[in-house]
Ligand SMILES: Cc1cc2nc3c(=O)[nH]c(=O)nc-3n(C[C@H](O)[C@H](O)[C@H](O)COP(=O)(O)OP(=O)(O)OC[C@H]3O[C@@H](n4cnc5c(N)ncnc54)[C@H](O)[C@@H]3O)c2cc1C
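As a starting point, one isolated chain is supplied in structure tokens, in the form predicted on its own.
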């Protein structure tokens, strides 16, 4: 592969390659088909080298700035090659493995994820312990050179397709008593039950762990590092992943414009407000991408990105409902499932209320007694 020196050079070469290689999905839009398409896209991009840019050589990468990954995901999203939410999981789990897994384990496993040979999931949320992650109760108990894990996770994306899971457990009281493991999903004692959401897709699952034995060398970091791992992981979820999601939402705005050729001033005002909300979060996300490229450590400031993105996504699909009357309610259209999915934007990944509390307390130093 060529050594690219600028983002513009990388984007131009990537676009040329994508124009010459048809990675378009087929007519089947089921979740099974989306996951299969995701694997296909990652394999093709990895084998051609594109998926390896922006990652260190120690895990099979070709180095280069992290912004190359943002550009790649943006092109995937705008061309509709893979669903951006599930595509972007690499931006959450790969940095976690690089930072916390044994180097040998990361070198072995990361290429399997980047190359589309495996899907992974993230076992964080529990019943009664969603946004309040510190209250999790899934327990890990040491037994010689293994740990025995018991408990339940919920809202685990794509768990039914996952080969591995980055799992948070409790090994002692408090924040310092949370420990992370990298668990093989075919280990005896693991049961996965998909959950049907209101937009009609089994994207999430509940996962049960009944005396699951995990080797001690599958621990990520040291005992008690789980809370720090989670705090490092969440900003990655809200950086490059968000950039991909924003690119996808712009394609939906373009589609709405195409379907509303005859508009009045009120319609134009609503479209302008939706565009402004998207443009605002894109500018914010661009600043986050720039900080990431400079090697800055991301932290609670990414809660601002989360609030802005959720607001923009819901505003966009509310505008779809208003400008295409009856389409969501009376026709079988992709707009309906996307509208319903957007209703959860202020819940998944940390509720809007929790994010505003973080902004107030950790960024603005408000609310202290």
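Positions refer to the first chain, counted from 1. Please read these numbers as outputs of a predicted model, since none were measured by experiment.
What comes next is about the form predicted together with the named molecule, which is not displayed.
A.B. asks: 203 to 211, 79 to 87, 220 to 228, 251 to 259: which one contacts the named molecule in the predicted complex at 4.5 Å, heavy atom to heavy atom?
C.D. replies: The contacting stretch here is 203 to 211.
A.B. asks: So in the predicted complex, is the named molecule close enough to residue 348 to count as touching (4.5 Å, heavy atoms)?
C.D. replies: Within the cut-off, so yes.
A.B. asks: Determine whether any heavy atom of residue 124 comes within 4.5 Å of a heavy atom of the named molecule in the predicted complex, and answer yes or no.
C.D. replies: Although the named molecule is absent here, residue 124 would touch it in the predicted complex, with heavy atoms inside 4.5 Å.
A.B. asks: Would residue 341 count as touching the named molecule in the predicted complex under a 4.5 Å heavy atom rule?
C.D. replies: Residue-level check for residue 341: yes, a contact with the named molecule.
A.B. asks: Answer with yes or no whether residue 154 is in contact with the named molecule in the predicted complex, where contact means some heavy atom within 4.5 Å.
C.D. replies: Within the cut-off, so yes.
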